[in-house]
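Here we start with a single chain on its own, the form predicted on its own, put down as structure tokens.
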Amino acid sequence: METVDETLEMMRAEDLRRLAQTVNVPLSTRYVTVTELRGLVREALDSLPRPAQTGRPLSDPAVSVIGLRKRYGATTAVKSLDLTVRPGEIVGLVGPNGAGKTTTLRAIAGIIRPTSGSVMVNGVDMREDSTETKRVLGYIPERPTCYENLRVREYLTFVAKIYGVPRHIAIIRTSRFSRMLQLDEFLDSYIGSLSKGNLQRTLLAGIFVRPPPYVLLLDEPIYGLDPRGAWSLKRHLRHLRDTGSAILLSTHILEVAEGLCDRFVIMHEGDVVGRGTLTELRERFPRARTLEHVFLELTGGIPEE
């Protein structure tokens, strides 16, 4: 990721002026060239205490699920799931529609209560202190929703305040991630007017406006993004993994999972039918060349031509 100086070099004049006002560059000197304004902002930033660029390291494992079971009436969505995600890895939760992936993510995020079993996030039991665990959690649902009457910039500012991000850092990170996620032109748009892809980008920027490491629970995060947006997100997720975040990514797009995840948990009809790295899974099925082949073998066999 870019340094603060690199981000300043790419910030628009409007955002630089907003940042200048926040770090108390005198009004009389604000109406200068963009290059001069960057220099003034740098001087002001250098005079401020340097906040931590990252939070405390995550517990290991960052996510621990034991015996998770979830019933909806007569239907058992998840039967008995054991799962761990450690800092520094991306785990792919893969399976067909209805396999129990979304239910699993919602239970880990604390949105629904399991029928039985336990969920620990960053060393804390979700049943005992879900507020504390949510300080490190970032959750993107498959069907994203948000505050429709807020503008994108207002939402990102609101999230930064909730997590105690200093205003000048929030402005810098908003600029960085709105550019990375191609949100620049939508910052002053109402959330209710956004397409699904741009809404998903907004929610991602809302996670990234606070410093890592994170425990990320991402349900079909690539769906709805164009190729450039998908490439930028995958690159950033790899960076987060390499710097200590723990990521659980649910998808049925197997090419995405194969190219991004370190290991896999394969679900089918609420059960785990396979787990391990791609190499480990292929050892079970010597003829399998890809994750798609393994997946088909584990969920009913490869269809006959």
Partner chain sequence: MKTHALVFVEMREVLNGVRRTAKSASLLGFYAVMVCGGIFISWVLGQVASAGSMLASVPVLLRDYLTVESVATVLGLVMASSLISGMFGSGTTSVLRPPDEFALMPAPVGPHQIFVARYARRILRKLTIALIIVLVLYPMTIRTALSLGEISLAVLGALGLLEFVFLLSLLGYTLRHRASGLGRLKRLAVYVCVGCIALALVHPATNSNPVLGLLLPSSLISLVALSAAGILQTQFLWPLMGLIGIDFLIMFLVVTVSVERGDYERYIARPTPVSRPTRLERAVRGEVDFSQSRFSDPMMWVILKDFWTRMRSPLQFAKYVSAAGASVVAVLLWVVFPYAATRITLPVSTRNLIPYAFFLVEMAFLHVASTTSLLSFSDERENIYLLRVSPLPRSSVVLAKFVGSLVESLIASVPALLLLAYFVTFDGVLSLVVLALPLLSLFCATGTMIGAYIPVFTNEPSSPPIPLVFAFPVINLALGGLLGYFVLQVSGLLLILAIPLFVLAAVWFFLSRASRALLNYR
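Residue numbers count along the first chain shown, from 1. This one's a predicted model, so the numbers in the text were calculated from it and none came from an experiment.
What comes next is about the form predicted together with its partner chain, which does not appear here.
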query: Asp226 within 4.5 Å of its partner chain in the model of the complex, heavy atoms; finding: no
query: Proximity of Tyr139 to its partner chain in the model of the complex, heavy atoms at 4.5 Å; finding: yes
query: Ala230, heavy atom within 4.5 angstroms of its partner chain in the model of the complex; finding: no
query: Contact test in the model of the complex: Pro211 vs its partner chain, heavy atoms, 4.5 Å; finding: no
query: Partner-facing stretch of 231 to 239, 179 to 187, 147 to 155, 88 to 96, counted where any non-hydrogen atom is within 4.5 angstroms of its partner chain in the model of the complex; finding: 147 to 155
query: One residue of Gly123, Gly192, Pro166, Gly197 in contact with its partner chain, assessed in the model of the complex (non-hydrogen atom, 4.5 angstroms); finding: Gly192
query: Heavy atom within 4.5 Å of its partner chain in the model of the complex - the one residue of Ala77, Ile222, Ala170, Ala109 that qualifies; finding: Ala109
query: All of Lys70, Asp129 and Ile162 within 4.5 Å of its partner chain in the model of the complex, heavy atom check; finding: yes
